[in-house]
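First, one chain by itself in structure tokens, the form predicted on its own.
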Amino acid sequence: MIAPLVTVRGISRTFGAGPTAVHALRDVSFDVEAGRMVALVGRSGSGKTTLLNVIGGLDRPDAGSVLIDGEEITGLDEDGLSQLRRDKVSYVFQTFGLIPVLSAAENVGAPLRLARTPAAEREQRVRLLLDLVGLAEHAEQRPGELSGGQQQRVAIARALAASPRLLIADEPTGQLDADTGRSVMALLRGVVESEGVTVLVSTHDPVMMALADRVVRIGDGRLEQ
């Protein structure tokens, strides 16, 4: 039995109050085992993004708890959450979020600069990651010179730079065509195996679901059995 890296218990999150309140999450509980890829599936508005934000420390629940690698994160202050995001959790979004004036290599290396990683070690890690995502020959190109799929690959490499325990990907193929999306999904699957990272990804794509070790379905803020 593989120990869970992520433990979610009784998470609820409501936006607003009174008759217009939106109950985004309702008593959600589940585990994510270390070294696995879990696909979070549900229609738009089902609560997927809110759940990912709570697990990643980007939002606070109204009730319940989240443990990552045995650490209770829902009660952390801003400094604690910043350290969590620096040391254990990374994110990949639909919009890539790359810095336009930096090259692919500089974007990937940015988290390592913030962590004051020595230059030689940083450059070696950047080369390894760009090779992992198939962009070794594009290291000096800026985001505007890359395709959408290539930009998302750079974003994945950047997310892996600091060797996180957990990678959270919110609809990472949402802005990509079907073929490019499939290649990015296959890359995420490969990352689980090559880097030993646990991946929690929200998706509508049946190919992504097929690549996942487990599918968790959510509807109207509740997990569906």
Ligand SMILES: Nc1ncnc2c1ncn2[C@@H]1O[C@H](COP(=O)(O)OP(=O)(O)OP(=O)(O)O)[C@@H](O)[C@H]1O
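The first residue of the shown sequence is 1; numbering continues from there. Bear in mind that the values here come from a model prediction, so they are computed numbers and not experimental data.
Below, we turn to the form predicted in complex with the ligand, even though it does not appear here.
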Ser194 near the ligand in the predicted bound form, any heavy atom under 4.5 Å?
-> no
Give a yes/no on whether Gly45 approaches the ligand to within 4.5 Å in the predicted bound form, heavy atoms considered.
-> yes
Is there any non-hydrogen atom of His204 lying within 4.5 Å of the ligand in the predicted bound form?
-> yes
Met208, heavy atom within 4.5 angstroms of the ligand in the predicted bound form = no
Name the stretch: of 64-72, 179-187, 45-53, 28-36, exactly one has residues whose heavy atoms fall within 4.5 Å of the ligand in the predicted bound form.
-> 45-53
Who in 13-38 is close to the ligand in the predicted bound form, meaning a heavy atom within 4.5 Å?
-> Phe15, Val22, Ala24
